[in-house]
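Single chain ahead, written as structure tokens, the form predicted alone.
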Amino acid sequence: MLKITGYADRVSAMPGDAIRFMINCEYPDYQASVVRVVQGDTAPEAPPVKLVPVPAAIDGRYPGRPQVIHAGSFGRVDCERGFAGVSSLSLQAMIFPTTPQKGRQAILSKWDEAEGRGIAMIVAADGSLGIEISDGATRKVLSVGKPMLSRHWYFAAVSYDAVTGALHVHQEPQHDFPTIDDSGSASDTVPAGLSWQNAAPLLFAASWGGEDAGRTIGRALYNGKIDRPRVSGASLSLADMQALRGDLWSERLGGALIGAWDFSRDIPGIRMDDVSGREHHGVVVNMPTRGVTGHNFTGEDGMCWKDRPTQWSAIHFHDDDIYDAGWQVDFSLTIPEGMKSGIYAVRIEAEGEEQFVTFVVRPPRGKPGSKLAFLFPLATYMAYANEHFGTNDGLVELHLNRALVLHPHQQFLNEHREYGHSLYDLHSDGSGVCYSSRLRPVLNLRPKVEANHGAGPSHLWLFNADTHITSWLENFDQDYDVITDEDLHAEGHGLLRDYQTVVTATHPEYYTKEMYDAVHRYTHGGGRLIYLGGNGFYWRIAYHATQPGIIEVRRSEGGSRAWEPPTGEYYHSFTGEYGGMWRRQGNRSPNHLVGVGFTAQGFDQSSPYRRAEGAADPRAAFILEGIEDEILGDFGLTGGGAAGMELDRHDVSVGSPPHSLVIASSGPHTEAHVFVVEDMLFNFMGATGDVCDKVRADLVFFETPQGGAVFSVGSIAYSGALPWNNFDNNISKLTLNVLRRFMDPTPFPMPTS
């Protein structure tokens, strides 16, 4: 089991920038050093792992210490003055519980877990609504006794009268079902004047577990939505609390309010706005999901929260949300002037265990060190961060067409769910994970890691598969800069414009509008793009405007997807942009950008390419110069061939430029390679790689305006063929031909009709 984990506060840095590293180490001490990552594949058939030591100021021994993650999202309101002198209290909200059977969960609480003192509206142990009150000695829990249904809306209200000691609980479903008895009230008493007051903040979806290194700890975490919470400093009748359900109330009721929160305000942000006039605004912790439908959503007034935000007035909290792990800093590295742009990692070693924290050194802004850039797909790495395919996905062995192997980091993540999820996982309540952060240890973003989805002999996916490209570049002494797509999102076309050629990684799947538009502007302004992957530019994502290092995806409408969002939750909460596949976003399909788009996936064996008609076109002569072979790439470290894993095909009807040339096409593929669902109106027999001609990867070339060009390989497995036979093979030679011509500044002429 892993005893060392760590992360950095940034992944991309330029000379002069400082990167802070946070390390969890259960050993007494550890050795830290810096390496430049060139090749991270440990397979015997691959070139030797190449991690080049780089002397750095942080080199040395450090004391180990455990650091923990406090996962779970909630809202926090610091409004102690609002509770001054308050004894009687009413708590209410519209709620949509998603795990009512889980046990005690705090919905609205002024409760100190350490003292065992306070008052809270809860999901009780029996799954019904309850009130919990205690002065630290006397503790009372009163519940309705009728379990709530999962994923249904309820009006939830509780009250305590300090004068009489009366407790009341009201649970009203928004929809009645003939055989379901889930509506009711309960009443009881406690000693009058019970002193429940404490110093805990008011929390939504949790109770207060104290502080740890500046982090609020949430306990009794609630799964589900909360809409229009209200807290009143009086014991209100049921009729009065029902009158507060809406957005308007009488002056009398308004005078009793401590706070009334409207979650439809600041949906892209982290604020929870109090609309009572008391200014008791709050913030969310650990990024619960916003831009979700409220109890009054009808779908008749539009599907975007920006159109009528009052119908998106809920927040969906999860007990396994995590944004910033908030660990204490162990050391900081300032990137020295002149440090070569590249992929690096801090290596942590102790008692035979080795871990890495990966980062990128980019060139100074506006001063590229090379004419070639490798585009580090950080957004995609974040999308897959800490994925649980091997332990969550019951269909994974059918996808892989082989028995599953659980690697040590996957076993660790299965036991440490607080490390968070990927965008392919489900939360503990079964809802899709639509936010992913890099401000936590990401255990599959480091050298020497194998993956379930990677085919043999290397069994690589994403980061280490991408080092096949960097090792290939260095084998041929090709200088290059490394830039991240997070930088591209922030800086746009200006980051690319001074490069002659940009090379992608194996799977640049997740793109924002800013990223897509920057690449398009680059290729249409004379730039050259070499797309060395498959299933790229597929999902539209959003970055948060104020919270660094977190992305969002809404897998709307269709596509090959791990989950689908509920109706009305197709638009990103961070930006209000429509989510889903880029091919459904106007003329922005991957085919428009790179000539090919996702067509099939299969994770067992890869196949070769065969020359196609476009290979004979004089425009493509430079690509196959010196290569006589008809079959290309019948070898490789990823599945034994150059075409596999995920495949892209050329298709003019989806946006591939009409003048683009198909140089080669792959096949046949195994029956485990399956046609994508977005291209099917009905399921049909014959949609697998052994019989379907659309299950293929296409090598495509086309010219772009102002002398630019694009070359695409349409296969994730392609890069695994580059190092085969010590880089001496027809795929390596073909790719080198393309790179050398693309680095030649001579413009590509646009073909004439």
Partner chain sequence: MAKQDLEQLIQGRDLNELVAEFRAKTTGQHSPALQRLINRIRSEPMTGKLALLCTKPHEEWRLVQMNGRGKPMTLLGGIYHDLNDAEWAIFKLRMKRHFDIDLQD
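If you're wondering where the values come from, they're calculated on a predicted model, not measured in any experiment. Residue numbers count along the first chain shown, from 1.
The discussion below concerns the form predicted together with the partner chain, not included here.
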item: Contact label in the predicted complex: I69 to the partner chain, heavy atom within 4.5 Å; value: no
item: Heavy atom of L398 within 4.5 Å of the partner chain in the predicted complex; value: yes
item: Contact label in the predicted complex: A709 to the partner chain, heavy atom within 4.5 Å; value: no
item: Heavy atom of R365 within 4.5 Å of the partner chain in the predicted complex; value: no
item: Interface stretch in the predicted complex with the partner chain - options 410-418, 204-212, 225-233, 652-660, non-hydrogen atom within 4.5 Å; value: 410-418
item: Contact residue in the predicted complex, chosen from A84, A403, A239, A545 - any heavy atom within 4.5 Å of the partner chain; value: A403
item: Sole residue of H459, R588, H170, R245 within 4.5 Å of the partner chain in the predicted complex, by heavy atom; value: H459
item: Every residue of D320, L426 and D604 near the partner chain in the predicted complex, heavy atom within 4.5 Å; value: yes
item: Residues in 672-695 with any heavy atom within 4.5 Å of the partner chain in the predicted complex; value: D690
